[in-house]
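Only one chain is included here, represented as structure tokens and corresponding to the form predicted alone.
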């Protein structure tokens, strides 16, 4: 029997989602809780990894078990063993051929940037941008270059990938005074991809890079030309889409 779970988590205290040998991870905590509920170790398969310090509102994973238990009962049981910074939002029985990663059609990430006064309460949840003189229109203009089907090799940490072509469907900006929320929807994202893109848009906003230079960086497919990476604390895996 296969179960699909949606979870949310505060990634501050974890070295990313994927299980690590010598560092805490979201996956390890969920698998430990599942082992207590199911009586044996069960490996979970997620829609994808999130990096150290990155948060999630709607991460999805699946696992298999022969234990007969209701969806609500399983949700309550898992949550009872999880730390307070991880929570199972929903549990659903699915067909045995469902796959959390390979069946995902789109992913939505949100990135938060504070351009105002430093806020210590939000230090782990938004990027506290240190530069105040930023052209908002230029940031928006730079982001438009990334919509469509593009080779994003310049914008991923993982240079061993054979295929670095991805499709970005939409990039939306929402301002709340000095707080910027960027929502990005695409068919898939590579390691550090969103954080590198955001960092480069900010460089354009500061006047350090021209939009024409950014276009050239995309075309040259060279990671060294886009060296900046925005902090993980501002990034949230917001939603995973399935047909």
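Owing to the predicted nature of the structure, the values given are computational and were not obtained by experimental measurement. Residue numbers count along the first chain shown, from 1.
Just so you know, the form predicted in complex with another copy of the chain exists too; it's not on screen, but the next bit is about it.
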{"item": "Partner-contacting position among 101, 110, 123, 157 - heavy atom within 4.5 Å of another copy of the chain in the predicted complex", "value": "123"}
{"item": "Proximity to another copy of the chain in the predicted complex, single hit among 200, 56, 30, 60 (heavy atom within 4.5 Å)", "value": "56"}
{"item": "Site test, 86, 89 and 236 vs another copy of the chain in the predicted complex, non-hydrogen atom cutoff 4.5 Å", "value": "yes"}
{"item": "Proximity of residue 118 to another copy of the chain in the predicted complex, heavy atoms at 4.5 Å", "value": "yes"}
{"item": "Answer range among 157-165, 123-131, 142-150, 101-109 for contact with another copy of the chain, defined in the predicted complex as heavy atoms within 4.5 Å", "value": "123-131"}
{"item": "Heavy atom contacts to another copy of the chain in the predicted complex at 4.5 Å, residues of 1-25 in sequence order", "value": "8, 9, 10"}
